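Below you'll find only one chain, the form predicted alone, shown as structure tokens.
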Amino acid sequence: MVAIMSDDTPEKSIISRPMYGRLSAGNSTHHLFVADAEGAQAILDMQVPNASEFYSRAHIIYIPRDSGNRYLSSLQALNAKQFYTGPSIATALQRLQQTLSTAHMGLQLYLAGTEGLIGQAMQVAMNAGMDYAVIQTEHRGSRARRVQCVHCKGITEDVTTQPVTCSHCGLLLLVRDHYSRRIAAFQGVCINAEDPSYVPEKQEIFK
């Protein structure tokens, strides 16, 4: 992973927090990109000396989400060997899993976009035997978090508030900065276990 710091890079004091860099064209024989929403811009911003040759060996998996068609024509203009547009992160992860199951040595994986997408794609890649340390990542766009309730183990997607209500058990959760790579989620702990009458106002923190 290219360790170039950005405004969205977490504090180093939080050991478990993911750190992101900037995508950089590698010298691999094959290139696999997975991106969502504004993550497309991270691909488009890459400096590629011989773009036509580079993208002739590339596979792009892209989930537009709220960005709609904003980046589609620009991504298609790269003329990647394979280009897939998915309706959701779940379908994109299925394609990623299938692609990795038949991949050969010399594949470079690039992940760009939201933390939810990066974390889940990283999880799929590690399950396929890839070393997370060699996977390039770049955070772009929303800072919404994927949160696991430590009480019921349910996952709440696209969390932007602090605290947040667990979408499974209904507990009011304090979203912690501690992150689990194994489940690709931040940890949420009940904020009012001792006094259920205490209900702090929710604030938009992770925009």
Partner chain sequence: MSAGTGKLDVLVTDIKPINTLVKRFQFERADGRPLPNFSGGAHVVVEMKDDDRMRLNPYSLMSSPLDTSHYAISVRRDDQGRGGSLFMHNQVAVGDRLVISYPVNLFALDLRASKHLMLAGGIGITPFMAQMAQLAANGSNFELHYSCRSRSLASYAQEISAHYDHRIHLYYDDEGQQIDISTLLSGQALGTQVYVCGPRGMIDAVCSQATAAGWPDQAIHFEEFITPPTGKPFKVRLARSDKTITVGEHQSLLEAIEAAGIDAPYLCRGGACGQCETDVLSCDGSMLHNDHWLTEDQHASEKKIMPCVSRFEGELLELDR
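Keep in mind that what you see is a predicted model, and the values were worked out from it rather than measured. Residue numbers count along the first chain shown, from 1.
Not on display, but discussed next: the form predicted in complex with the partner chain.
Peer 1: May I ask you to check whether residue 134 falls inside a 4.5 Å heavy atom distance of the partner chain in the model of the complex?
Peer 2: Looking in the model of the complex, residue contacts with the partner chain include residue 134, since a heavy atom lies within 4.5 Å.
Peer 1: State yes or no: in the model of the complex, is some non-hydrogen atom of residue 87 no more than 4.5 angstroms from a non-hydrogen atom of the partner chain?
Peer 2: No, no contact at 4.5 Å.
Peer 1: Taking 4.5 angstroms as the cut-off for heavy atoms, does residue 28 touch the partner chain in the model of the complex?
Peer 2: It does: once the partner chain is placed as it appears in the model of the complex, residue 28 has a heavy atom within 4.5 Å of it.
Peer 1: Answer yes if any heavy atom of residue 130 is within 4.5 Å of a heavy atom of the partner chain in the model of the complex; otherwise answer no.
Peer 2: Yes, contact at 4.5 Å.
Peer 1: I need to confirm a contact call. Of 72, 93, 78, 100, which residue comes within 4.5 Å of the partner chain in the model of the complex, counting heavy atoms only?
Peer 2: Flagged contact: 100.
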